[in-house]
Ligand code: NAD
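Only one chain is shown below, in structure tokens, and it's the form predicted alone.
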């Protein structure tokens, strides 16, 4: 399997893909290691994950360089991702004892009722390429803390990073037979579904998630799916600083080249501030530097997947054919690498692909609305339900709007952010199950009820 630098097109590594036989061998080894890992004290498991975080910090420059070389994001954004992962590990390790220890519920005379949180066993984590550290730690860190063994299938677009994660986890004290990395593309992912894991956790597209869910349903084991989104954002007419809101929401739409699960993918703006907002938004995007991800000051670099260029071109063509205007960009860039111009499309409707299908690129549609009711209707007009955002000077107004949106996460005067203290979950085609928070820690456990009578 070739690892290709998306900014240059150069082959930077060649790796041997795993076979069904090698994956089954890994699974057997993980089964053998899991029981011993679960018998370790929770304190020892916590210390190992804390040491992993320290190693991420000590090696941040080479790790960021590897990440940038295979996914194409600017070097500073790679550093940001690793630091963000360390922040999540900090919350998870600091709260693991509270949420994974036995919980006493009732103590009557001669009777003790308690809950014990046992590990699932050996879990399969089929992970994503857009944020391999952030998406990865959402799953394998709480899974390991809870006493599970993990087979981590990194994306074929982030395999070198997956191998670095494995190396540092083992250096931190996680045994060889408790964490293993599967190398390969979709054939390897499909082979993993034939192996009797005790849980499957996937981050990626709706179509692949649906395939995984249907394939393993007969095993009757936990499945967690973090899938796509078409995340809407509404700018109300009472915002105090339109230019500041435009800058913040542009970043929410274009950070990591728009390749974020919770990127702003659709924007609705009240007609009273629409023109001012649009002007400020376009000026903000025009101010960014696009170029090689290793250059200082670059905000927009290469798309990770070459195939996405055609998706974006198709969304632009569809929008133009249906009456939209291209306020900025609209084309892939000629030359080496997977570069697409930052693109702003106006006069859009929810019948256009750019407002219906996940873009996962540096492209945004901005629509004008008459009032809050129209905004709510358009925001909910989607098969997805990951996040929704409202910018307004009124908390009560924003909360009223957000209460009527069908999404797993709601933002007021912010967007495109994730907190380890809060559950990360989707609705409808955005998936189900939760990572992060106490919910995410316990997602990798089987609760057992104890009725103990003296």
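Treat the numbers as computed from the prediction; the structure is a model and nothing was measured. Numbering follows the first chain given and starts at 1.
Keep in mind the form predicted in complex with ligand NAD is missing from the figure; the text below concerns it.
Student: So which of 335 to 343, 129 to 137, 74 to 82, 372 to 380 is the stretch with heavy atoms within 4.5 Å of ligand NAD in the predicted complex?
Tutor: Single hit among the candidates: 129 to 137.
Student: For the three residues 232, 389 and 401, verify that every one has a non-hydrogen atom within 4.5 Å of ligand NAD in the predicted complex; reply yes or no.
Tutor: Per the other structure, none of 232, 389 and 401 touch ligand NAD.
Student: Go through 199, 162, 252, 204 and name the one with a heavy atom inside 4.5 Å of ligand NAD in the predicted complex.
Tutor: Only one option qualifies, and that one is 204.
Student: Scan 89, 261, 285, 312 and let me know which has any heavy atom within 4.5 Å of ligand NAD in the predicted complex.
Tutor: Going through each option in turn, the one that passes is 261.
Student: Residue 100: heavy atom within 4.5 Å of ligand NAD in the predicted complex?
Tutor: It does not: once ligand NAD is placed as it appears in the predicted complex, residue 100 has no heavy atom within 4.5 Å of it.
Student: Looking in the predicted complex, any heavy atom of residue 155 within 4.5 Å of ligand NAD?
Tutor: Contact check for residue 155: yes, within 4.5 Å of ligand NAD in the predicted complex.
Student: Just checking whether residue 222 would be counted as a contact of ligand NAD in the predicted complex - the rule being heavy atoms within 4.5 angstroms.
Tutor: Looking in the predicted complex, residue contacts with ligand NAD do not include residue 222, since no heavy atom lies within 4.5 Å.
Student: Verify the contact flag for residue 326: yes if a non-hydrogen atom of it lies within 4.5 Å of a non-hydrogen atom of ligand NAD in the predicted complex, no if not.
Tutor: Taking the distances in the predicted complex, the answer for residue 326 is no, it never comes within 4.5 Å of ligand NAD.
Student: Note that ligand NAD is not shown here; using its position in the predicted complex, name the residues of 186 to 222 with a heavy atom within 4.5 Å of it, in sequence order.
Tutor: Heavy-atom contacts to ligand NAD in the predicted complex: 186, 189, 190, 193, 202, 203, 204, 205, 208, 211, 212.
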